[in-house]
Each structure stands twice: as C-alpha cells, then as structure tokens.
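The chain below stands alone and is given as structure tokens, in the form predicted alone.
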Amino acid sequence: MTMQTPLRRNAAFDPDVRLMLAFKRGEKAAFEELLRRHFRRVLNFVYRFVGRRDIAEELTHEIFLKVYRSAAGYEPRAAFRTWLLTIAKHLALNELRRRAHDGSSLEAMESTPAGRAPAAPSDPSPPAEEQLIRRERIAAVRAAIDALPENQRLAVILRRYEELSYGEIAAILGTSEKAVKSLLHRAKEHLRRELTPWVEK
C-alpha cells in the first residue's frame, strides 16, 4: 500500500472528482458542469491574489484550459478543488513574477479601475462620509494583504475567503500544516500592525 492510497480513497467520494473522471472518459457535459461549479470561485481567488479583474479573467480561462488539457492524465490524488486551486496558484504566481520581471507592480495594478474595490450599492446609500471611510478601509485591507509575502498572502486568501482547512492549504502550497499555521500567524501579526489605525477608528 502506498502513501497515496488514503488520498485516492477520500477523493473517490468527491462529486467533482467523479465529474472529472467522467470527462476523462469523454463526457463533455461533465467538464461544462465543473466549469459552472467552479469558474466564479477560481476567478475570485485569482482576482484577490493578483488584484486586477482583466488579468484574473484571462488567467481563469487559462486555468480551465489547463484542466481541459489535463483530462487524459488526470488521477484523483486529492479533492478536485485542491487540485484546481493548485493549478490556479501556479499560474497566478507565474503571472505576478512575470509582471515583476517586466517592471510592473501591484501598486500600478491597483491604480486602474479594474483593481479598485466595487462601489457600495447606491440605494439605499449611507452618508457620503461613511461611504468614503468604508472605501478607504477596504483599500487599506487590500494594500495590507498585497504587502504580504506570496505564501502568506496565499494562505490568508485560502483560509479567509476560500475557508479551506489547514490540510487543504498545506496541499495547495506544498508544505506542512505546521508551516501553514506559522504563515497565517505571521500574516496576522503583520495585518494587525498595518490595520491598527482602522481598528481604532
């Protein structure tokens, strides 16, 4: 018995794994169902990481194209979502590193309309001053998360927004649960320092 056997057994109960295996057998409708189930989740994950909507949309299409092309060699060694977000992580990291090499930055990305936080609903609307404070607070949180090292930022997004377990995050990041807890602890300390003025407000 190999170490991968328990993973394979657990993955067999994942309905998304069954869909991917059906797609591997040639059932195109199974891929369409996976796309319907996961496209927005992946888009939101990538957007939170790269900070720009147009790039997130482009990367999300690339991610599902990779899933499509990976069908023939697909083996269910983990939950489908874990496998999918691992692919998303790699492509998002590659994009950020490419932009850094080209001289781009998250700060420049955030200066575009696509990178800004969405406006609050217009009706009913809170007072203008309250709206301004809310937007500034969202921007401060975003800037604080963007300032984290890559693995800390990924861990925060996966834990806070994707609500993954330490084990799932460890699988996606290729590390241990203990390391994930350490990453999240350091990230929390950084965010606490950076966002103290907003907490006090």
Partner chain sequence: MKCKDIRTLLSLYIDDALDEIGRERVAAHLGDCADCRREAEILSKTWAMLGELDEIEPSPSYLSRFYARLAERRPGDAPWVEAFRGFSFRRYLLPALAAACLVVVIGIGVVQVQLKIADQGRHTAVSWNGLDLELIESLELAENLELIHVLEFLPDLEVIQALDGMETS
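Being a predicted model, the structure only gives us computed values, none of them experimental. Residue numbers count along the first chain shown, from 1.
Another form, the form predicted in complex with its partner chain, is not on view; read the next lines as being about it.
Should Arg99 be counted as a contact of its partner chain in the predicted bound form, where contact means heavy atoms within 4.5 Å?
-> Arg99 lies outside the contact set for its partner chain.
Would Leu19 sit within 4.5 Å of its partner chain in the predicted bound form, counting heavy atoms only?
-> Although its partner chain is absent here, Leu19 would stay clear of it in the predicted bound form, with no heavy atoms inside 4.5 Å.
Classify Leu132 as contacting or not contacting its partner chain in the predicted bound form by the rule of any non-hydrogen atom within 4.5 angstroms, answering yes or no.
-> Judged by the heavy-atom cut-off of 4.5 Å, Leu132 is well away from its partner chain in the predicted bound form.
4.5 Å heavy atom contact, Ile145 and its partner chain in the predicted bound form = Output for Ile145 is yes: heavy atoms within 4.5 Å of its partner chain.
Is any part of 67-89 within 4.5 angstroms of its partner chain in the predicted bound form by a non-hydrogen atom, and which residues would that be?
-> Read in sequence order, the residues that approach its partner chain (within 4.5 Å, in the predicted bound form) are Tyr68, Arg69, Ser70, Ala72, Gly73, Arg77, Ala78, Thr82, Trp83, Thr86, Ile87, Lys89.
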